[in-house]
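Laid out below as structure tokens are two forms of one and the same protein chain, each shown alone and named structure 1 and structure 2.
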Structure 1
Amino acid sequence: MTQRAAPELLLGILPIALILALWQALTSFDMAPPALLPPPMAVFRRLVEQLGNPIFLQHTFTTLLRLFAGFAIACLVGVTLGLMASSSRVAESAIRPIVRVLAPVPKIALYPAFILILGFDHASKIALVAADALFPILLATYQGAVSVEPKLVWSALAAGTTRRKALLTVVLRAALPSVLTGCRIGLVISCIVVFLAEMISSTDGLGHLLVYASRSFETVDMYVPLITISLLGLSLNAGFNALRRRLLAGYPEAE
């Protein structure tokens, strides 16, 4: 396994290294003007510098706050509605068609409405994040819950568990692999959407920093927030995967 993994890893690093080398070459042979494409080292130096800058960190914190608030709402609502749809005929015939209509609608188009109703501050961004992350979580919960082996629920009912309690302790538990997959997708979507919302209309946050830099033609400062949010997405994704592996000890489908 390790004998095979090493060359594969090298092979995988190759394209990333090639892109960086091309970037470096373009800048160091003056083929791209620094105003359009700053050298990679300059971007990297600026990134490290900014990570020690309290103002930059304040913006990052604002972004994270909106991100987690929206994601938490999406998880709560998505899991609840998904479970309800899976457990009751009435709820299902109400939720299914609404989801069918709303899921393919580009949620970003609702952003102006959120701004009008909730104002320019945190609330409209949080609402947009929640709306965007909601559907993958809801659909994953529903699909996971309806494919739970009924005999698991029966075993619990026979042991004296009430139906309501079994919905949480057995159905949700058994559907956890699917629910967590939905949440992971929702988390990365949240990360991206919060940034875009801040770019479109905001006075703070990482997305705002990008737009601000582009207005003042500070090219290096345009890359830094973009890289920061991507790194955040990457590490949140990795962190969530680690959490998933811990929570799913025992499940056959956990790798």
Structure 2
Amino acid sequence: MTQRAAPELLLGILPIALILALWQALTSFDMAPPALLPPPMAVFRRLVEQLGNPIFLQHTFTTLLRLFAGFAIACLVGVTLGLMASSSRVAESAIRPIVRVLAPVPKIALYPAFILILGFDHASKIALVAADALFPILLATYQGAVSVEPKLVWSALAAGTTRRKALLTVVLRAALPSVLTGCRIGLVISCIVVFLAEMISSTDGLGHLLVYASRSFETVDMYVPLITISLLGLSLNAGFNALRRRLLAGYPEAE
């Protein structure tokens, strides 16, 4: 694992370095007007300045609050419904049509309804994040749970374990790799959706900062929230991968 880490890290950095090089080339050779595409160093310099700005940090905290709240709701509901559908034909019959109808629907189309019902503040944005991240987690949990060897459950029930306890201690643990994969996808979706929701309708958050800067023709400040959410996404993904490796220690999938 350690021997592969360095090449994988370099392979991951290479595309980012190429994008930055292309960005720098476009600005250096005047292929894009500075008023529309500022040099990357100007953007990163402004980002460093903003990291010491309490107002910018407050907007970042607001975005993270909405992201984590929506993601936590999606995890709780998605895992619960996935386990229910895998263990009960009645629950599966009730959940399957809902998934088939709502899963393909772009959840951003529901955002106006969320705003009308929940208002313009945190609740509507958290609801949109939860709705968008829910289905990958639910489907991954269901697929992982139905793939668990039935003999494991029968053995637990024969040993006197209750069905609910067997579902949590046997099925959920065996399906954990699939569940965490769904959660990882849901986390990436949450980063995208919370930013998009703040761009559409918000008076705070990183998405609001981007829209406000673009309307004010402050192009450097416009790119700062975009870079920030990208860095947050990378950090959250790295942190989740570390947590996943820790939780899956001893699993064949983690080898």
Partner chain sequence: MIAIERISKTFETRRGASHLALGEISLDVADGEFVSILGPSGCGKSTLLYIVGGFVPPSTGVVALDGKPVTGPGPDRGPVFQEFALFPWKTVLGNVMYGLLERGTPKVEAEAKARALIGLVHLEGYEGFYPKELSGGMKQRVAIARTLAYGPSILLMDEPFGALDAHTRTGMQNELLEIWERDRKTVLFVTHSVEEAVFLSDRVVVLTRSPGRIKETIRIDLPRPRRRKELLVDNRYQRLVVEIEALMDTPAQRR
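The term rigid core refers to the most C-alpha atoms you can superpose between the two forms while keeping them within 1.5 Å. Here, residue number means position along structure 1's sequence, counting from 1. Quantities reported herein were computed from a predicted structural model and do not represent experimental measurements.
Here the chain taken from the form predicted in complex with its partner chain appears as structure 1, while structure 2 comes from elsewhere. Superposed on the core, the two forms differ at I19: its CA moves 2 Å or more between the two structures.
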